[in-house]
Every structure is written in structure tokens, then in C-alpha cells.
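For reference, the chain that follows is the form predicted alone, supplied as C-alpha cells.
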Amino acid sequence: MNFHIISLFPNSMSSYIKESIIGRAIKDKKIRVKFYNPRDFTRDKWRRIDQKPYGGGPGMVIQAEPVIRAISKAIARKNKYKIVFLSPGGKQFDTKTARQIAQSIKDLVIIAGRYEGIDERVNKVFKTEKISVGPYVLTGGELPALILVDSISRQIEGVLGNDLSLEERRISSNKVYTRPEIFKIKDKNYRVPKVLLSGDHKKINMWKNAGNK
């Protein structure tokens, strides 16, 4: 799968995608991540990318045309693609959406905004889907873009190595334990729950399903 990220600050994401599972997936050619800086698609010598918003208000708005050119470059000669416009007011992103994208899309374009946002006319030129990663506002779309790359990549066969590593496909717990069985801090013993040491998988699964009480 190919991820095409439209961002003014691609270097802010490069270190994350080089590490751990995502880095290995890129090395193994399970996924590919490409960046497109709208500033590289401006047509003036100052490479200006933003202007004051019509109607007034604080901050600056990223101009539509450089973003449109960047997207056009990303989708050139592509057939099976999807364009995501990251927005706090968009549809809530979840694992179900990640799975659907991983199973149906070959090229995903992710538009990461900055400042006061991107000129809305980008969404009129292209058929985009507005997506939010949560009920909060961030200073830019780079972190949400990485969330999408990470979550969707996990759903691609071979990225995790073992299909059972997908917590959503098995009975998993939000509380996990490992060795040692007991350790002491300030004269207090901290133990692994006995059920996890029992070897009785039925009881262990019941414990996990009960909210780990």
C-alpha cells in the first residue's frame, strides 16, 4: 500500500516512519510512504503558501492551488485511490475504517493542514473524505497523518508478522503482565493475578472479558 502525505513539514514525520514496525514494513516493501510539500508546488519566487483569510479572523490559510497541484502529482496515473482531508470536524477515525481502507485502497492520499487550515476549495476540486482522529484540535495534521499510517498499516497482511498480534482479532486485555511473578517496592509485594498463572485458558479469557477485575 502507498501512503501519499501532503504536508508543509514532512521532516517532522520522517523519524517515526523509520522506526519499529512501520520502518520494517517499509524496508520489506509492505508499504510505501511518500511526502509532497505544497511549498514545492508554488509558482512564485518567494514560494509563498499562505494568505490572510477572507472574511477576517486571526492566522493564515494555506492556499488551495499548491495543495491541488501536490495532490494531482500524488494521484497521477493512479486508479484505486482515496483522498483523506484531516479535520477536527470530520468523521471519527477508528479501527473499522482502518481495516476497510487497508482492504480496498492501494493509494491513500492524506492531506495534513496547518495554521488556520486549508482553503476549502480543495475539497470541491477533489472527492475527499474528512476524517478526525479525536475530539480535539492540534497545531497541525502531521500527528493525525501518522496515526492513520500506523493504524492502517497494522491491517495489511505481513506487516505485524503474526496475524494474532492484532488485538482486535483476539481476546485481549488492556492490562498485561510479565516476569517476574512478584516484585517488592517499599515493603509491598506486587503480584501477577493468580488466574494468569493458572494455565486455564477458559478462566483467563473470562478474566479478560470481565474487564480484568
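Numbering starts at 1 and follows the sequence shown. No experiment lies behind these values; they were computed from the predicted model shown.
Beyond the structure shown, there is the form predicted together with S-adenosylmethionine, which is absent from this document and is the topic of what follows.
- Contact check for Ile105: every heavy atom lies farther than 4.5 Å from S-adenosylmethionine in the predicted bound form.
- Not displayed here, S-adenosylmethionine is kept clear of Arg99 by more than 4.5 Å at the level of heavy atoms in the predicted bound form.
- Interface residue remark: Thr128 is not counted as part of the site for S-adenosylmethionine in the predicted bound form, having no heavy atom within 4.5 Å.
- Contact annotation: Arg114 falls within 4.5 Å of S-adenosylmethionine in the predicted bound form, judged by heavy atom distances.
- Only one segment in the set 50 to 58, 36 to 44, 141 to 149, 176 to 184 has any non-hydrogen atom within 4.5 angstroms of S-adenosylmethionine in the predicted bound form, and it is 141 to 149.
- Scanning 74 to 108 for heavy atoms within 4.5 Å of S-adenosylmethionine in the predicted bound form gives Leu86, Ser87, Pro88 in sequence order.
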